[in-house]
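Coming up is one lone chain in structure tokens, specifically the form predicted alone.
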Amino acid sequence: MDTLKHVINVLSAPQVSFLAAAIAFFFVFPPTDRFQSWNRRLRLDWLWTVKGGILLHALVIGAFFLSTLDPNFRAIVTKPDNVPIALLLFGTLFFLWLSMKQACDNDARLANDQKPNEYTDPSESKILVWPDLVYIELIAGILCMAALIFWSIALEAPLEEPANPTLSPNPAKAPWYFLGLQEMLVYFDPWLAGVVFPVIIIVGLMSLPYIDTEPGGSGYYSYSDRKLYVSLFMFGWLLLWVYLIIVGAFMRGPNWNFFGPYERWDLHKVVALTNINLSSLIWVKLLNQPLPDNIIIREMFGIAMLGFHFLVIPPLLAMTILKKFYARMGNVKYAVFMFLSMAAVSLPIKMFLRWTINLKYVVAIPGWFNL
């Protein structure tokens, strides 16, 4: 059992777990027909059936409760601050499965020339707000109130002593809805992690329905009509937000070090890290030269990488694998879509570079910006 726990702790390291999740993601949520063929060969669409959902939830819940037998895992997940986060994750899993099941059911119905489940015959009688909808909302409100009362009795509020400016908690964590931002602050300047990237991610996800204005899939759950956009939305939501919340809540311990789910949070853990900028890595480490005094020359490699990422890759994709997509979207929509996509993709790339080679900044111009 200790060996299994050690293996899980090793695999939960972000450079391993994130890479594995990113690879598996495109097979579970195929963005193109090629990935969808692999999805069908591996029978991964079986997850969105009733039997698949029962098995998926049973495995996750069973693994969770078995893990609580470990004192280190139990101490983390039973903290009053972390209990609602764990419940939110279970809720995220359930509603994700429910929405994908409805989408797959509609795809099967449409393939057989049937109407989607959300279709309503105009000749049928309408459902009235009173009493039908109001009764449902009343019952839901009573159940939520009862759950909150039981929660407040069973679980102590995470209240601590009055704030002391001379003593900071270790680790000092933001509320769960800001844990993703706090994790991004590790990899970027505050103005990027706290303003630019959240705005780009939120605006990018909100803009997807306006970029793709085709009528297919409107008004009902569907995956086949919106494979690319549903996959992009899921990627931004699950891997660039939910994953960061999990890391910040359960895997960041004292001194903001990474800890596995079964690893004891040791206050004295020391991790030897030497963060280095790309300019220092190339000029000093590789070329064995001192850093140039001219900022542009010093940072030209990082500037070239950013230029290639934002200015070269989108046209190359438009002329190759995204040729049909570019013809359908047009210049303006394609440019907006690619800018938002490349900006969002730069976040996991920078995170992975920090995890693997301790790269601090690709472009470091103090006083201007650090990226």
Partner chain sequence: MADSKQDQADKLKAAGAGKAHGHVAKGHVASGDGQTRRSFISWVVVGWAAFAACMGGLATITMRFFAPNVLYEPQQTFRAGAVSEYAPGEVSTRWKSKFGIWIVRLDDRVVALSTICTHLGCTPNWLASEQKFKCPCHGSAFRMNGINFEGPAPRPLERHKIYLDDEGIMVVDKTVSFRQERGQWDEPESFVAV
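Note that the structure is a prediction, hence the values are computed from the model and not measured. Numbering follows the first chain given and starts at 1.
The protein also exists as the form predicted in complex with its partner chain; that form is not presented, and the subsequent description refers to it.
Only one of 271, 286, 111, 297 comes within 4.5 Å of its partner chain in the predicted bound form through a heavy atom, and that residue is 271. Contact with its partner chain in the predicted bound form, judged by any heavy atom within 4.5 Å, is made by just one of 106, 231, 182, 277: 182.
Across the proposed site, 172, 189 and 361 without exception bring a heavy atom within 4.5 Å of its partner chain in the predicted bound form. Of the candidate stretches 160-168, 237-245, 278-286, 71-79, only 160-168 has residues with heavy atoms within 4.5 Å of its partner chain in the predicted bound form. Contact annotation for residue 256: at least one heavy atom lies within 4.5 Å of its partner chain in the predicted bound form.
Along 326-358, a non-hydrogen atom within 4.5 Å of its partner chain in the predicted bound form is carried only by 354.
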